[in-house]
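The chain below stands alone and is given in structure tokens; this is the form predicted on its own.
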Amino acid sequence: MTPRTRRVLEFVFDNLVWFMLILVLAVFSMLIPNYFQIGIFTNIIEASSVLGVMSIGLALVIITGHMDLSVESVAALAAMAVGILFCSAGIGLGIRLSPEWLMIPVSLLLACAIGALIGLANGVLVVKLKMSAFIITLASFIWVRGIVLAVSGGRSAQDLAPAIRWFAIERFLGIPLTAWIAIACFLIFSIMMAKTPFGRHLVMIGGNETATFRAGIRVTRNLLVAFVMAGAIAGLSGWLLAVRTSGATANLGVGLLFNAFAAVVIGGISLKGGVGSLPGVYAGVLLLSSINTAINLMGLPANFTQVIHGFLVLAAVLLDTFKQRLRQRLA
């Protein structure tokens, strides 16, 4: 195999999810009347905002070779905290700050701080005490959701303060600000992963943790930061959830973990760590959102969504295994 052929193959495999996205959009445009229009694509981007942000945090941990199953519950708790404080109906306390715009940074910092604290707890137990990330974050998934149920009592907070809900109403270039937040997050974290020592170190840790440690890189600190960042980003996705739904319910965000996991895997992040990029994850998020939109337009039962997502994840895992074997042969 010539070097040029090898480079072409590697490019195709590294960007396969983008080709899949284009193919899916082309097929749906032919099968579904009026699918190929700006309004539909805007809805796809808007619907992917919460899932996209959550997938970023999950990807940061998976690329290190670890796992964080708590992000869904962390988002729900952050959304519930924002809902209780700044909603005026249901269990909302209706707190108002003056000037009103102060509620935006305060609610945002509150949501991210809640997520960061839980991420710190996960990180300390996993990194410092060398406990299984799967078990620790699964436990966090359960107890954090339990807190949401206990705090809310199964009731909901409604009618979020207009100053915060403004983000879900206003648009720029026809796209809601919530979607722009997700796009900005992908740009910022993509640059961080590709251009900063911290981002490169996370990839190196996922590739070979022992070798990275022997190279003098602070593995423990970087892993701890990755868990804290994953928690804070999950808190941000919870804030977006509260903004988009104008409140919070006890079961808010149920199922997002599996969709985020699907987006990360389909986007090319290897479950063994050390391989993948955030632009690919965004393509995975858009792919899932495109399929969901098509299923809704075709009037198919919602259960079809889970079936298709399941097969996509299975296909992505098989493809990841195939790519790793091919890379070993090309090396």
Partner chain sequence: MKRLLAALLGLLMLSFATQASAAAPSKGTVYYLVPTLLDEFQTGSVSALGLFLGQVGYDMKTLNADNKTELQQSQMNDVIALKPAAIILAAVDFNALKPSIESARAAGIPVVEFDRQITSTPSDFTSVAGTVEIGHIAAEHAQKLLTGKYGTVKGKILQVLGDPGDPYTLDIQKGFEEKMKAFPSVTIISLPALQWEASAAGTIVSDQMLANPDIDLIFLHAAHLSVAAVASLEAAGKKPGDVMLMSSNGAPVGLDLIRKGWLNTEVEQPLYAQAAAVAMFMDKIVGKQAIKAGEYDVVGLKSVVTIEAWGPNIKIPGSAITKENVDNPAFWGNQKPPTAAIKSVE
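Numbering follows the first chain given and starts at 1. Bear in mind that the values here come from a model prediction, so they are computed numbers and not experimental data.
The next section is about a form of this same protein that is not shown, the form predicted in complex with the partner chain.
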Taking 4.5 angstroms as the cut-off for heavy atoms, does Val126 touch the partner chain in the model of the complex?
no
Might Gly94 be said to contact the partner chain in the model of the complex, defining contact as any heavy atom within 4.5 Å?
no
Contact flag, Ile40 vs the partner chain in the model of the complex, heavy atom cut 4.5 Å
yes
Gly253: heavy atom within 4.5 Å of the partner chain in the model of the complex?
yes
Would you mind picking out the stretch of 60 to 68, 42 to 50, 23 to 31, 272 to 280 that comes within 4.5 angstroms of the partner chain in the model of the complex, counting non-hydrogen atoms?
42 to 50
Tell me whether Ser156, Arg244 and Gly299, taken together, all sit within 4.5 Å of the partner chain in the model of the complex, counting heavy atoms only.
yes
Identify, from the list Arg171, Arg218, Arg214, Lys195, the residue with a heavy atom within 4.5 Å of the partner chain in the model of the complex.
Arg171
Counting any non-hydrogen atom inside 4.5 Å, which residue from Ala113, Ala89, Met131, Ile188 sits next to the partner chain in the model of the complex?
Ala89
